[in-house]
Every structure is written in structure tokens, then in C-alpha cells.
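Here we start with a single chain on its own, the form predicted on its own, put down as C-alpha cells.
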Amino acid sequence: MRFIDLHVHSNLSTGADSPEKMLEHAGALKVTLGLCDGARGDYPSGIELSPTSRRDLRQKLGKKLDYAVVCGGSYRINRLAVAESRVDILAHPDLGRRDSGVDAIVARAAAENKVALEVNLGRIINTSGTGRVYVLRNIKKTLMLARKYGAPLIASTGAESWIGLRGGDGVYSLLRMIGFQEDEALDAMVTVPAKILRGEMK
């Protein structure tokens, strides 16, 4: 099953493995990989930003790559990210939080500005105990709000080494298990990331 994973890092940023190794293993899994290292390559190339203010975000968005990801978690940054149409993905909006970091205001703005809300499956796989409970609960809340307001969702692994990569069949099964309908899962895995790469979300 096809999967386009746009939130992956190589050793050009925070990852452990080279772009070549990440792409080789993605190829074996039949996954299209986008590396958000902030460097242009012969593959979908993105950047993950950690802005401190609206002005800082707009300045950092000046770098021309295939897509832009904002590292969320702070509610203020979540709000800033979804209000800026040049942002493509709000990554892990619940990072460091017990709640999802997504409410009606964030979901509505994400829908209006076509900013995809990330469902980071690596966070499910790599957490345990009550941490996993919070992650699953937060994803379900984000899914519910995305349905209500029409916000786009995007699935990713957040992988920082080849070990963290996942094939499409496993990603699809996990999304279905946590409550995604078939069309929602396929949109998050393929349709939304493909539209981002074609520039059709803006």
C-alpha cells in the first residue's frame, strides 16, 4: 500500500542516518520519503521550523523548499502555524502536553488555511504506559475536530533513523485501529501529502 511520509529526518538535521540510507530503506518498504532537514536534495525536501513568534515564523518561511513543517506543542505556536497559509504541516501539536493542543480555533484555522495536522505514528510506537494513552487520546480528539471542521490530516512516522520507517500496510492498519475511516486513512497517507508536494494545498 502506498505511503508518502513527509516528516522524516536524516543526519543532515536531527536524524542518525544519511539521506541515502533513509531513502534506500524507504524504497525497500515502497514508501515515498520526504526529508525535512532544511536542505535541498533529489527527493522531496522540507524544513522543520521552531518559531518563537509570528515575525520569526514568517522570516524562517523565506527558505524555498518543497514544504514547511512547524514543530508544535506550545498552544501559541500551534495557533501561529495554522494561521499562516505558507505552513504545510503542524507537527505534533500535543508535544509536551497532556491535551491535544488542537481545539476548535486551531482546527478551523487549519481548514481555512489548508495546514495539515500531523498524526505522528512514531509517537504511538515509541511511547508506553500512560504516555501512549495520552498520545492516542490526543490523536482521537484531533481526528474528531478535523472531521467537524474539515481540517486536513497527514500521517507520518517522525523517523530519525531507518529503524523508525514504516511501510504503508502497517501505517494503514494502525490508522484504522485508532479510529480512521478507510478514506480518512488513505487521505492522510497519500492524498494530502501528494497535494502538499504538488503545491495544491495553497
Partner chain sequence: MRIKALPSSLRTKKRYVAFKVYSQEPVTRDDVVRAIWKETLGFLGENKASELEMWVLDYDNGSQQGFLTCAHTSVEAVKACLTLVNSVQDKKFMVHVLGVSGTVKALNRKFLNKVKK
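Computed from a predicted model, the values in this text were never measured in an experiment. Numbering follows the first chain given and starts at 1.
Omitted from view is the form predicted in complex with the partner chain, to which the following refers.
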Though the partner chain is not shown, can you say which of L95, I125, I105, A83 has a heavy atom within 4.5 Å of it in the model of the complex?
-> I125
Find the only residue in M144, L174, A39, L61 having a heavy atom within 4.5 Å of the partner chain in the model of the complex.
-> L174
Does the 4.5 Å heavy atom contact test between G150 and the partner chain in the model of the complex come out positive?
-> no
Give a yes/no on whether L165 approaches the partner chain to within 4.5 Å in the model of the complex, heavy atoms considered.
-> yes
L29: touches the partner chain in the model of the complex, heavy atom cutoff 4.5 angstroms | yes
With the partner left out of view, is D169 within 4.5 angstroms of the partner chain in the model of the complex by any non-hydrogen atom?
-> yes
Considering the partner chain in the model of the complex, find the one stretch among 117-125, 71-79, 84-92, 97-105 with heavy atoms no farther than 4.5 Å from it.
-> 117-125
Heavy atoms within 4.5 Å of the partner chain in the model of the complex is the criterion; list the residues of 57-76 that meet it.
-> none
